[in-house]
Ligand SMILES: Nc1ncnc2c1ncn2[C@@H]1O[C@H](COP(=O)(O)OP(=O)(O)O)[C@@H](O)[C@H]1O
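Consider the single chain below, provided in structure tokens and representing the form predicted alone.
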């Protein structure tokens, strides 16, 4: 897949035709057979036009009875071959389109996995899904259809043009005068189609975004009885998309209508001049009919070729949106890989602001966390606690200052290697629509079943897991919808435990647990944290009183640092937070 990805990235995307070829060239064998089938189809069409004169001469002139007997079989054979080659061509082109989309979707998915977090902060997930599903679906249907029409109809036009020229070259040249008009009209409508198709892709992306947001936020929608307003919002987006789709339909149909008018004009002139030649004995009726059949059969392919341009513009609009993904730079990653680390962390005068934000989230932060030390980060909402952890995970690289792990700059680390040494239990728990076992194995896919069970026991999740219908093989639904908040958090904790990381990050790891479960897990976590560097982000200060050190953040700056006992006696943010929580407890 990496080789395929390289073939359809970089310079390949700078030219639309070359991009399509890059997607297609991996299936050159099938394409070659499909082209041969196109040539055979075109040859059969040419043969039909060519034989008209011989048929008429043998039947009307010579009254050849043998020919009369063989004619039905010949017609049957030609049309049977035509059907076979048409099927083979359509099947091969369709399979090429399906294979292209399979390759492209996989390549896009792998590309999305490599993009930095800054991309996901600017793009909605609905928009990304739309490009991955809707835009690639356009390529699946349009590339084979357009390629088939291009090869079949263009070769048909060439062969039939040869037949017409052979029968009567001056009459053929007269009939060909409409071709420049077809090209001009096709180009004009093609330009409009590209613009309209690009808008259609954006509008269907908006519809996808609304649907994705609705499914993700269904609990909130129902809680706030927002069904009707959201229904109207979706109706507006769907209606706008429908109107633009109808614009595409009109452009296609206008193209066909103009082609009919042009073809009709050409045929009228052709008939007038042809009959003139017949009346003046400069052309036989059989020659004229053979010529007319060739030209009439040629006009239909010409009309289809005019729509090929419209279809190509639709392909270009989808390619442009897909190109935007592939042309983005991957996450910046260094080359240093470590099998093990000590967990010595240094934040050296680190400042950071999110893209588009006018203010720094972190300001001149300097922290030294020794191997095996447990450090708690506290502060009011928006103080920069989670951002501090995100930087350590390498999610953002546009910070000033530096971060070191074991005296190696974070920017020099290979990101996969770095993250393999970090275990995270996030506050916003993400579980996957899979079994309990596989969600825990997400922390370390090569772990044994016994290790999975032991991690679950350590996280006090084993009992509720075994009470589920299929135990560890129970599917828990999207985002763990079949579990309670506390159950989700315990599985998330087990996922971090099984990773056995040198650096453990707990972002409100017990916030969804009841008091009894919290006490049990806190006791278990004391054993897990022993000997490894641990960073705890906490709002409930009862969970961090045994931390080796507590760091207090306020508006991105470190304003206090020390043990719980000394900080709780000092005037400042920590005491304010402590007293506030104590008073809440007292109530």
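Positions refer to the first chain, counted from 1. It should be emphasised that the depicted structure is a prediction, and the values quoted were computed from it without experimental measurement.
One more form of this protein exists, namely the form predicted together with the named molecule; it is left out here, but the text below deals with it.
- At the 4.5 Å threshold, heavy atoms of residue 146 stay clear of the named molecule in the predicted bound form, well away from it.
- In the predicted bound form, the named molecule lies farther than 4.5 Å from every heavy atom of residue 281.
- Contact check for residue 382: a non-hydrogen atom falls within 4.5 Å of the named molecule in the predicted bound form.
- The named molecule in the predicted bound form is not approached by residue 130, whose heavy atoms all lie more than 4.5 angstroms from it.
- Only one segment in the set 331 to 339, 304 to 312, 188 to 196, 354 to 362 has any non-hydrogen atom within 4.5 angstroms of the named molecule in the predicted bound form, and it is 354 to 362.
- Listed residues 500, 214, 386, 234 were compared with the named molecule in the predicted bound form; 386 is the one with a heavy atom within 4.5 Å.
- When the named molecule is considered in the predicted bound form, only one residue from 103, 90, 427, 134 comes within 4.5 Å through any heavy atom, namely 427.
- In this stretch, 119 to 139, the one residue having a heavy atom within 4.5 Å of the named molecule in the predicted bound form is 121; the partner itself is omitted from this view.
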